[in-house]
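We begin with a single chain expressed as structure tokens, specifically the form predicted alone.
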């Protein structure tokens, strides 16, 4: 484990005060963290919730607070995001690190093992790394421009997420098929058993089913630790796959036939 707890302490008197009536403190999960904090108890944690529930906002702020480029990439002491350039939440979010997390954060080489993968920037990053005529240390050997997005994603994940580190992910399932998501579950499970910490924002019931993972559901009441079978996401998918017409009738005209 690297991060034990998140909190949003009150700023020092000489610092700019927090306006809790403004975004992102109007997001219920952020308001709840400001009130009581959020603890991580398992090596693998999934943040699950509807669009707008604060999943991506929270993962990005964790990356900034730990010193990882919020647009995605490895942790780096040289490229630590200045406080004034961080997101509104990243300026105030405080990480309570474990001894291992503090040791890695203070050591440039160890910190570079950590990584933030976000779906919307990952493809540009893959193309950039693959454009070099030589292999960059710590990256992949194949030219991923010749592979599908899903194949490229899995290659990146298997190459970069290969040793203890803090791994943050924002909807990595975006480019993955059902079978590829299952492979990612296996990788998450392996990382959790070998000293890494994974914090992943997802809409995927497959990823959230990773054995022994903690699931935190973000909703209008803030957040709650829950079980996979009790997730609203899982319930909706189960109902939809059984009777899709019950859902489609709300988005398709009555004149259209659903089969």
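Residue numbers count along the first chain shown, from 1. All values reported here derive from a predicted model rather than from experimental measurement.
Same protein, other form: the form predicted in complex with a small molecule, not shown, and the subject of what follows.
Contact between residue 39 and the small molecule in the predicted complex is not found at the 4.5 Å heavy atom cutoff.
For residue 212, no non-hydrogen atom is located within 4.5 Å of the small molecule in the predicted complex, even though that partner is not displayed. Interface membership of residue 203, defined by any non-hydrogen atom within 4.5 Å of the small molecule in the predicted complex, is confirmed.
Taking the partner from elsewhere, residue 50 is found to have a heavy atom lying within 4.5 Å of the small molecule in the predicted complex. Stretch 55-63 is the contacting one of 55-63, 225-233, 31-39, 188-196, since its residues have non-hydrogen atoms within 4.5 Å of the small molecule in the predicted complex. Using a 4.5 Å heavy atom cutoff, 23, 27 and 171 all lie near the small molecule in the predicted complex.
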